[in-house]
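In structure tokens, one chain follows: the form predicted alone.
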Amino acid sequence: MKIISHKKKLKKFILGERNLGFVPTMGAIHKGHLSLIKKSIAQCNKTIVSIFVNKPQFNRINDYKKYPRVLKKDISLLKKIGVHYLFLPSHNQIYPDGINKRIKVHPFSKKLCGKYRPHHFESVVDVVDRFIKLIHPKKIYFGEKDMQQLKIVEDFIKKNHSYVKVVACKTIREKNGIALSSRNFLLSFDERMIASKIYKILRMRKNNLIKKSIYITDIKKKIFTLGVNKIDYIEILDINKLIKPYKNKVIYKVFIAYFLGSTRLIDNI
């Protein structure tokens, strides 16, 4: 595995690669990331993984500072599964002239997490746009756990980088149901147990919520009794009606964002 930290060297290494798979990450690699990377390795001639903790997408500086960073472990995991290139750029390599304040994203960015994290999705799309212009991948891989991000990024790429195929990968969960996330590293044992119970409640009550035989307010009350600090939202949406072109098949998901201690978790079930 070649480890590259400068974009000029990156361009030299990948020059002429016609079937390049790209998996952007912020590190703290887990089985969810590895499932994306393995799919890229299976589908593409070469695979490049980036580790870059993207400061502009954090709304609170403390969240950025405490984001888990375990680079040695990450490198070991990536080597074991056969990644060809690891790109580790600095902030200045990616943002030599600052952020792009004119980037346009779909209005869906104002809903769900967008209500609570202003400009978050613009920052995510900005960094993805920059990586695509550097790497020119044939395929780029994202997890369905971040469903809102997936839909917004997919829409942007279709409009601005039509040669790149977005590959959506299923959410990977722990045995207790928690969706794998780098933020899980920040949870205590008790908090992980609470997150597991929340997943099970939503999974079991999903059909009742869709039929409105029980209400979101009742679910919120139950979740608060488990020890959750704050719930940003619980919403039921048809994922095929989020961004045009719409699909006829109805697929409902329960979207949730909540806090355990100071750690914000999201999921869709």
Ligand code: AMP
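All figures in this text were calculated on a predicted structure; none of them were measured in a lab. The first residue of the sequence shown is number 1, and the count goes up from there.
Below: the form predicted in complex with adenosine monophosphate, not depicted.
- Note on contacts: among K158, K73, K170, K110, the single residue with a heavy atom within 4.5 Å of adenosine monophosphate in the predicted bound form is K170.
- Shown without its partner, this chain lists F142, F121, F87, F131 as candidates; in the predicted bound form, only F142 has a non-hydrogen atom within 4.5 angstroms of adenosine monophosphate.
- Taken together, the three residues G177, I234 and Y258 lack any non-hydrogen atom within 4.5 angstroms of adenosine monophosphate in the predicted bound form.
- With adenosine monophosphate left out of view, the stretch that reaches within 4.5 Å of it through heavy atoms in the predicted bound form is, among 131 to 139, 144 to 152, 98 to 106, 195 to 203, 144 to 152.
- Interface membership of M26, defined by any non-hydrogen atom within 4.5 Å of adenosine monophosphate in the predicted bound form, is confirmed.
- Proximity of H30 to adenosine monophosphate in the predicted bound form falls within the 4.5 Å heavy atom cutoff.
- The closest heavy atom approach of C44 to adenosine monophosphate in the predicted bound form falls outside 4.5 Å.
- Although the partner is absent from this view, I219 stays clear of adenosine monophosphate in the predicted bound form, with no non-hydrogen atom inside 4.5 angstroms.
- Taking adenosine monophosphate as it sits in the predicted bound form, the stretch 46 to 73 comes within 4.5 angstroms of it through a non-hydrogen atom at just one residue, Y67.
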